[in-house]
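Consider the single chain below, provided in structure tokens and representing the form predicted on its own.
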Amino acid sequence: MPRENWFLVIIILCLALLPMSESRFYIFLGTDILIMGLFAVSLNLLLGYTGLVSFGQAAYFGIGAYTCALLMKKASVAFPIAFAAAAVFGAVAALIIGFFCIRLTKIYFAMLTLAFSQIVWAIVFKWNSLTGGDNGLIGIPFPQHLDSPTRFYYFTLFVVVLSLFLLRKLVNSPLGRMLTTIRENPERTEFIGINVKKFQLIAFMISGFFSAIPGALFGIFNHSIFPDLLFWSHSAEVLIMTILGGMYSFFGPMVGAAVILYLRMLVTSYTQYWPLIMGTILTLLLFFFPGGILGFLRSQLTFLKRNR
């Protein structure tokens, strides 16, 4: 087995053993990291693999959360069906939004993703009769078979590992290599007869599907959801996680999510200026570690091997 696979097995085993610490704090933190980590990896399918900078990824996360919550709370739909519907709704929303966004490039593309995200946020914020508006949805039913933090943690771990396995298979498939080719040189790729827009739309839809899954998990985990989940600042936060961990590494966004969430928990216990500190971290990162944490570690390992 390759060294990287052994490393992944060890990480999964460590995560599986986390509840044995019997610390509710670490179980809650671990669940949060898994949810946001999957969200960041789903964004990275666009950012790191396809070269599309999206400022509206929170829309699909929020759509997943609201779809699952509304179906369970207002329609009494069983959790498995509501959970699956959340992922499908996320993919459909991404397909519709992506259909318009991929017609633009670079900064215009990014701004259009932000615009659509804000439109979705505004709909959720104003539709009081359905979404609860600014008051959000509170008291989301918790599935009976997941009625403890430990059970929900293991369920989240299973869903995240399965999703990461599927995404990793995808990025290592011919489709994934095609997306990387488009990222490197979209003009040349189109010149040789490849329908670049079609593949970008496929990436958009898959990313929306896997962004809605952690959104559904988040809503159940917190028993409540609010329109802030769809606001641009949530998209910016997950974008920072992705860049911090390393957008050119598959597991980089997971690392970025873990670092940001842990630092936020640590810093907010001492001061209220977390946004200022996060902005400082991002500035230093862009100047000194443009490849992110995993990119920096990989370059250091390469340097040490060459100088043995």
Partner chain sequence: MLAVEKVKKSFDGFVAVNGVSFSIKRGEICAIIGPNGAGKTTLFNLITGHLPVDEGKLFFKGMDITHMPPHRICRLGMGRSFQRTNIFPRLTVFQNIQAAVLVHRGKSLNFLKPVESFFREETQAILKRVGLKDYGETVSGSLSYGFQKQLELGIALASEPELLLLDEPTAGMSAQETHQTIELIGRITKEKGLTLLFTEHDMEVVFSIAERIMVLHQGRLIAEDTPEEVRKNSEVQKIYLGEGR
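Small disclaimer: the values here were computed from a predicted structure and weren't measured. Positions refer to the first chain, counted from 1.
This next part talks about the form predicted in complex with its partner chain, which is not shown.
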Contact test in the predicted bound form: Phe79 vs its partner chain, heavy atoms, 4.5 Å: no
Closest heavy atom of Val88 to its partner chain in the predicted bound form, within 4.5 Å or not? no
I'd like to know whether Lys73 contacts its partner chain in the predicted bound form, with contact meaning heavy atoms within 4.5 angstroms. no
Though only this chain appears here, would Phe199 touch its partner chain in the predicted bound form if you measure heavy atom gaps against 4.5 Å? yes
Checking a candidate spot here: are Arg177, Thr181 and Ile194 all in contact with its partner chain in the predicted bound form (at least one heavy atom each within 4.5 Å)? yes
Just one of 211 to 219, 153 to 161, 136 to 144, 168 to 176 has residues with a heavy atom within 4.5 Å of its partner chain in the predicted bound form, so point it out. 168 to 176
